[in-house]
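Single chain ahead, written as C-alpha cells, the form predicted alone.
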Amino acid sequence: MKSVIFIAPPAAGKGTHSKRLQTLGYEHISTGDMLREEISLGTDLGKEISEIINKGELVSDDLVHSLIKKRLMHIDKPFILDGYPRTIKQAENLNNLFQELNIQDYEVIYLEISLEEAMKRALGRLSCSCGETYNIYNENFKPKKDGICDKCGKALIKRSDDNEESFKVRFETFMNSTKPIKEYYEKKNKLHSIDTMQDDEKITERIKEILND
C-alpha cells in the first residue's frame, strides 16, 4: 500500500482513520509526537526544541524538517504523515525530501467536513488520559458509562478549547491556511477528497481503495 499524507479540519476523523491504518501495518508519524519524543530523550536537539517551546516560540520549519527526514530515513514500510505539511514552504520542503529519499508511492487524502458537523463532533468529544476518545453525540463512540472510560475506568475529560467560539476560530484558520496546500497537491494529481458524512467503515474502505490503486 502507498503512504499517505492526511489533511483534515478539526474533528474530521483523522485520528480514527489513522488508527485503522496502523492496524494494517502503517507507521504513524506525528510532528507533535516527534517533538515531544525528542525532548523526552534529552538529546541536544530535544534541548533546543524545549528551549524554543518554553519561550513560547514556534519550532522552525528547518528543525521540523530535520526531524521528519531523520524518521523517514529509517522507515521501510508505508507511513501516515499527520500534521505536516501546514504551509506551502513545508509542502515544497517535503517534496524535495521525498525526491531525495526516492519516496514516490504516496497519496494525499483530504477529509471533507462542514463547520456545523465538525463543531457537533468537537463539542461532544471526551478523552481519557489512556488515549481513548469518545463522543456523546455518536452512538458508536459513546462511553458505556457516562463520563467513564470503557478501557481503564478513569474519568473522561473535555478539551478546554472545545467550545463554540474557539472551535470556529480553529476551523476557519485551518481552512484558510490549507487552501493553497490542497491546490499544490491537486496540481501534482495527488489529492483525494473524501466526504466524511458517511459511515466510518465506508470512509476507511475508500481510503484503502485510494492507497491500493
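We number the residues from 1 along the sequence you see. On a predicted model such as this, the values are computed, not experimentally measured, just so you know. Whichever C-alpha set is largest while still superposing within 1.5 Å between the two forms counts as the rigid core.
There is another form of the same protein, the form predicted in complex with adenosine monophosphate; it is not shown, and what comes next is about it.
- The candidate spot formed by 15, 80 and 110 is out of contact with adenosine monophosphate in the predicted bound form: none of the three has a heavy atom within 4.5 Å.
- For residue 71, no non-hydrogen atom is located within 4.5 Å of adenosine monophosphate in the predicted bound form, even though that partner is not displayed.
- Put simply, residue 135 is far from adenosine monophosphate in the predicted bound form: not one heavy atom of it is within 4.5 Å.
- Adenosine monophosphate is not shown here, and in the predicted bound form it never comes within 4.5 Å of any heavy atom of residue 29.
- Mapping the unseen interface onto this chain, residue 90 counts among the residues with a heavy atom inside 4.5 Å of adenosine monophosphate in the predicted bound form.
- For the residues 150, 57, 146, 186, the 4.5 Å heavy atom test against adenosine monophosphate in the predicted bound form is passed only by 57.
- Comparing 122-130, 80-88, 94-102, 137-145 against adenosine monophosphate in the predicted bound form, the single stretch with non-hydrogen atoms within 4.5 angstroms of it is 80-88.
- With contact defined as any non-hydrogen atom lying within 4.5 angstroms of adenosine monophosphate in the predicted bound form, the contacting residues in 23-56 are 31, 32, 35, 36, 53, given in sequence order.
- Comparing the forms between this form and the one not shown on their rigid core, the Cα displacement of residue 67 stays under 2 Å.
- With the core superposed, residue 36 shows a C-alpha displacement of at least 2 Å between this form and the one not shown.
- In the predicted bound form, the CA atoms of residue 48 and residue 70 sit farther apart than in the displayed form, by at least 3 angstroms.
- In summary, the C-alpha positions of residue 48 and residue 101 diverge in the predicted bound form, ending up at least 3 angstroms farther from each other than in this conformation.
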